[in-house]
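Starting off, we have a lone chain in the form predicted alone, written out as structure tokens.
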Amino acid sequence: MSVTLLDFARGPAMQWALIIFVFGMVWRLVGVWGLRHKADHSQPRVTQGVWKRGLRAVFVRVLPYPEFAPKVQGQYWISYVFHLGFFIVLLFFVPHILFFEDILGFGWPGLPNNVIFFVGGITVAALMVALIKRILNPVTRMMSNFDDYFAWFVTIAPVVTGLLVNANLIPNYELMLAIHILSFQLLLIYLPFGKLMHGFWLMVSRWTTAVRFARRGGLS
């Protein structure tokens, strides 16, 4: 049974997950591109170097405003840790690189398994802390909905199952590997349609906002 599930995960499930992911991303991009925007008839106060201000905001706004830093910098650092850890595991684990190489036609050097395992453990810990902080804080708990918690689940599931596969803690290796692959496919399918899409929109939004402020003579 586990071998059959693994074949399904590597074959039809992966194909459909990639198709839905690409369709969802295109659908979201076309949807935003097609939104009607009011024309800005005001006289621009800045006409040159506007794109540079937008690019600057993309990097400068990675840090919180100094006035807010004492209260939110802990949340920022937790976010940085699990985002960076997730992408290190995703992009520099050798089996993952081989997967991307099959799709892209090229690969890149990977990190040792022990390093990936350590980074994966830190990523899981940071995600658990983020969840606990969300639940214990009355404001974030009130603002959270199903999308927030499900986004957390589909993010942590591939990391946890990947750690279990890498550590050989489950007797049935093929079954655990199939679950790991399926959890990643769930992430792919969900990403364009939920709040995880913020990973793509975040930089675009920062750049757009900074450009609009610069055009009106404001600071970004």
Partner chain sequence: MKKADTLGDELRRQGISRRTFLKFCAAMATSMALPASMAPVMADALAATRRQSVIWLSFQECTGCTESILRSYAPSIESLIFDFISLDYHHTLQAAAGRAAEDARDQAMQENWGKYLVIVDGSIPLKDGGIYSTIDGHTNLETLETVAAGAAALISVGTCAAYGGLPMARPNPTGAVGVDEIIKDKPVINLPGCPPIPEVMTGTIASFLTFGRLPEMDRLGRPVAFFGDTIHDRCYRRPLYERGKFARGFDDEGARKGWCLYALGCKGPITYNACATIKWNQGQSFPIQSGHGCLGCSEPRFWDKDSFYKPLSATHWGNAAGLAAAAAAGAAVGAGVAVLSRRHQDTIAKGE
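What you see is a predicted model; the values in this text were computed from it and never measured. Residue numbers count along the first chain shown, from 1.
Only in words, not in the display: the form predicted in complex with its partner chain, which the text now covers.
- Put simply, residue 82 is far from its partner chain in the model of the complex: not one heavy atom of it is within 4.5 Å.
- Interface residue remark: residue 94 is counted as part of the site for its partner chain in the model of the complex, having a heavy atom within 4.5 Å.
- Proximity of residue 179 to its partner chain in the model of the complex: non-hydrogen atoms within 4.5 Å are absent; the residue sits far from the partner.
- Using a 4.5 Å cutoff between non-hydrogen atoms, residue 136 does not count as a contact of its partner chain in the model of the complex.
- Of all the residues from 8-23, those having a non-hydrogen atom no more than 4.5 Å from its partner chain in the model of the complex are 10, 11, 14, 15, 18, 19, 22, 23.
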